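Here's a solo chain for you in C-alpha cells, the form predicted alone.
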Amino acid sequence: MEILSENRAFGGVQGVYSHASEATGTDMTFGLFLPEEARGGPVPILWYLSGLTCTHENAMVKAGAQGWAAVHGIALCFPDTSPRGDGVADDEAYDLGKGAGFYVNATQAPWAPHYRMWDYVAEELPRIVTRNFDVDEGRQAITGHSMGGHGALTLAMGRPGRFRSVSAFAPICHPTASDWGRKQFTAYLGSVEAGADHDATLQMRQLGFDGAVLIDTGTNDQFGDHLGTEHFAAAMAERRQAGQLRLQKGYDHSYFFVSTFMEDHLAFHAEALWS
C-alpha cells in the first residue's frame, strides 16, 4: 500500500492511499480519515460510498464529514466508485463505465475482468483497512449518496450482521425500475432481472435490515424520477421496517444538500456504533 498524502485535520489525519486490488485487477485509491482517538486504539468506522462520476475525492472534499466524525471519534473511509486505468473498459456516457461501477460484480464483456466493485467494497477493502489501520472490525456502519446510496443500502441488507446502521442521501432505491439501473444491470450483468439482488426496494421487501435506517432526499431533487424513493418507502411500510425516510423541502441532489445533513447522519451512526 502506498501513501499518496496525509494531512492533519480536526485533530486527526485525512489520508489517501493506493494499493493493488485482487478484486478489480487494477490499482485502487481510497481516502481514510482517522480521528484523534485512533491513536489510543481501534475506533468505529463509517463507509461512505459516492455516486455517479465521482472518485474517492468528491465526498472527502465536499461532504464536510470529517469534522463531525472527529466529534464522535469515528473513522471515515471513502472508496472509489469503479476500477480505473488504461486497460479498463469505459463508455462515453457518464452513467456507465469508469465512475459508474454501481457496486456490482460484472459478469458480461467487456466489464467482467475489472468491474468487481461488490467484492472490492464488501470484502477486500475492509480487510485492507482493518489490517493496516486502527479501526474496529466489529463496529461498522455505511452511508452513501445517489449511486452510493444504492450501494450502501444493498450492502447493508446483503451482508446481514456486518453493519450496525445504514443511511443514504438521495439513494437510487429501485434500480430495476429506473433508467439508473436498467441500463447498467443489462450491461454489467446481462439483464435487468439479474440485478434483483442489487435492488434496495426488492431487498427491503425480502430481507429488511436489522439495524437503524436513515434516508434523506430533497423535494427538489432534479433526478427524483431516477431514485424510486416512494417505492422504498412503501417497502419499508410493508415490512414494518424501523427507520426514518425524510423528504427535505427545497433541497436538490448536490453536495450542498449532502453537507447540510451530514451532521445528522454522523450523529445517527455514532449512536449505533458506540452503543
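Heads up: residue numbers just count along the shown sequence, starting at 1. Source: prediction; values computed, not measured.
What comes next is about the form predicted in complex with another copy of the chain, which does not appear here.
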property: Thr260, heavy atom within 4.5 angstroms of another copy of the chain in the predicted bound form; result: yes
property: Any non-hydrogen atom of Ser50 within 4.5 angstroms of another copy of the chain in the predicted bound form; result: no
property: 4.5 Å heavy atom contact, Val43 to another copy of the chain in the predicted bound form; result: no
property: Ala235, heavy atom within 4.5 angstroms of another copy of the chain in the predicted bound form; result: no
property: Stretch in contact in the predicted bound form with another copy of the chain, which is absent here, among 206-214, 59-67, 22-30, 224-232 (heavy atoms within 4.5 Å); result: 59-67
property: Any residue of 238-275 that, in the predicted bound form, places a heavy atom within 4.5 Å of another copy of the chain; result: Lys249, Gly250, Tyr251, Asp252, Ser254, Phe256, Phe257, Ser259, Thr260
